[in-house]
Every structure is written in structure tokens, then in C-alpha cells.
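Here's a solo chain for you in C-alpha cells, the form predicted on its own.
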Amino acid sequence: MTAPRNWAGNIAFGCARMETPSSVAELQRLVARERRVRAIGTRHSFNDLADTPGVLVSLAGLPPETEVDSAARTVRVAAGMRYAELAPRLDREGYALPNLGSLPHISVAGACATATHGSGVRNGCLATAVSGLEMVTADGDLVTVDRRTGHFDGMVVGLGALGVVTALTLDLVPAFETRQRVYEGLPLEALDEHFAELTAAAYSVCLFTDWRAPRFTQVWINERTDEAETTVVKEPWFTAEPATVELHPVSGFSAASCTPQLGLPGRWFERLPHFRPDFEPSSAGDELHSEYMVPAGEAVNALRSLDRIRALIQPVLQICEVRTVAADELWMSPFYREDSVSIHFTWIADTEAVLPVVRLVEERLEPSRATPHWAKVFTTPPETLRSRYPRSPDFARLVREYDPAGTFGNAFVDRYLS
């Protein structure tokens, strides 16, 4: 059997076999009889987080159910469903999710389990919308937990270590429209005094740089049409020029895969992601990703530190993106009780060339207490990573409580969560 691989192709899974159960009952029987099981979503993890020496379980075969509760303003959604499938269904019923990630192609369960996020100083990571979970535990039981459960905040960003999540309940907001504008050429020095002002100027603000120079090649500003328009372009320090054509974040790539720009209003789910669901995202897997979160107050220092090594970053970089994420109460979220800024790197698909630069980036960001994204390429030592999470010991106890035999364990769990 050819080993299955992740989306990027840099990880060959070491599983004995893959299974795609078609019902929760079938999944329960499978988990109960197997010694090692791990759930997999849309394979957008760039490390061995999702791997297992046992059975790798895809949730794509479960019925793609959604059930909106208008009174509670929530939706119960099958864990394997992708945001691209879920969002239009919600919009048709007059609802929206508070935020979306840059890729609508990812699964709801996988994104929430790893604290994947969008952008906006008032917007938490995608997992902050989770108000309930249904999960198959190691003995095959189906358990339901919600915000009334004492340790619920420790389960939402569960990293697959507590069980196989089969459904999630998500908070909803009324549907809304946004408009997206892109600007080109913002000097890095403009952020020295205005970073907070810029990132708070709209519902979602994303900055891109190729690190060829001390400047941001593009600034993507997404504002809700029911809120006052941003005045950022009127500020004398904001020297970036409005783009006159639609752009891809990576220079030279076609904008056909990107969501509409140029200020054209549209539905929330057609603007907040960077990429359209009917196109392969970015360069269709020919890349590696790393991402580091730093406290919001450290963002400018962190970017200045990276600027000093841009000549080493640039040769292996496709694009770097900077976003803001609001604090939350989720134990294993890198945004736990701290407003943060994410610095995301899309690298070329050359692990040997990229890893030395990843290590150098981590050295430069260490003074800013950088925390890597759980599902991206990183080399942060386990003891350092655990120190970034004050509730890490509590989570380890939760893992032992729900999975004493290590059914959902793997090498990643052993390294970073034990």
C-alpha cells in the first residue's frame, strides 16, 4: 500500500490502514476495537500531528448534517464538513459565523481542534465559536459536552488527543456583508507608531510581505458594510496605494483563485477567506507552512527582528502574512488570555532548505515569546512549547482521564502533550 500523505505531500502517514466510516455507530465500533486510532480532516496539517501507527479515520463519510437552532442562535454541524459547505447553508438561513480562516477548504473539526483562525482585533480563533462537542471516546462511547461542562475550555482545542469529534455546536451571528480592498506598498516603519491603529481599522485586516524589502507588499482590508467605513486611507502616514486590479498575495500568481476585491460588497463567506472554494488554494500544495503567534504588544518588535534576517528568509519564502487574533479562554489555544498577532510563512516545498530558516526565525522570535501553530512546520523544543501554555499540565491530566490507554496518542502527543 502506498502511504497516504498530507495535502502538502511533506508527511507520509505511518498508519496501518485508513477507514472512512459512514455513520457514528460504525465509528464507535471501530474505535472500541482498535488499539490506536487518529482522526484526520482535510490533511492540511504540515507535521505529524494527525499521524498514527494504527487506524487513520476520515470523517468525510459521515452524513454532512447541519441543524440550526434559531432560538439559541447556534448550529450543530457534522465534524467532517468543510467551511465552504457550511457557510452558504448558514447564509441562506440568515446567519453567519463570526469569522473564517483564509482557506474555506478546511474541515470544521480540524480547524477548531488546532486553534486555526482568521483575522481581526475583535475576532477570536475559529474554536471560540464552539459551544458544544459530540465525541467518541476510547471505549467507543459517544459523549456530549458543552460550556456547562467544567473542563470544556480544555476540550475544544483538543488536538485529537481526547477522542474523535463527530459534531460541533457553533455560535452564530446575523448574516452580514463585507467589502474587501487591497492596498500596495506599506513601509514597515509605518507600523512603529500605527500598528494598533491599522489593525483595528476594519473588521479584518491582513498584511503581506515577501521580505524583499522592509515593507508590506499588500494590505487586505475587509470592512462590514453595516459599519462605518475605515478612514485609514485618509491618514497621512498610510502611504500604501489602492490596487487597481485584483491581486493574489503571492506576486506572479493569478488572482482568479482569490475572493473579490476592489471594494465590491458581497456576502461574509465570499470575502473573509482569501481564497475561493471552487479553486485549489494557493499553489495547490506545492508549499510548506509555518506560523508563530506573539503577544500583540510584541508584534512590531518581532517584525523588526525578522526584517534584520530578511535576506535569509526571502530565498525560501513565497509570502509572509500578519494577522491579529483576540484573546480566548481555551486551554491549548495560543491566544489563551492574550490578544495576539500571528506571523505566517508560506515556504517553498523544500524541507531541507526551509528547516534551517525556520530555526533561525524561531531564534529571532524567541524574545517575543512566540508560539507555533500546532499544525504547521516548527522545531520549537517540547519544554519550550509546554511553557507557553499555563494550562498544559491540566490538559495532560484531561488526556489521561479520557484516554488512559493512549488510544488517540501518537509521537506528536508524546513529544508535546505528555
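Note that the structure is predicted; figures quoted are calculated from it, not measured. Don't overthink the numbering: it's just position in the shown sequence, from 1.
Keep in mind that the form predicted together with a small molecule is not shown, yet the notes after this line are about it.
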Considering the small molecule in the predicted bound form, which of Asp328, Glu223, Asp153, Glu287 comes within 4.5 Å of it through any heavy atom?
Glu287
Answer key, the small molecule contact in the predicted bound form at 4.5 Å (heavy atoms) among Thr209, Gln180, Thr128, Thr114: the residue is Thr114
Answer range among 260-268, 91-99, 104-112, 185-193 for contact with the small molecule, defined in the predicted bound form as heavy atoms within 4.5 Å
104-112
With the partner left out of view, is Gln28 within 4.5 angstroms of the small molecule in the predicted bound form by any non-hydrogen atom?
no
Though only this chain appears here, would Val361 touch the small molecule in the predicted bound form if you measure heavy atom gaps against 4.5 Å?
no
May I ask you to check whether Arg391 falls inside a 4.5 Å heavy atom distance of the small molecule in the predicted bound form?
no
Is the gap between Ala370 and the small molecule in the predicted bound form 4.5 Å or less for some heavy atom pair?
no
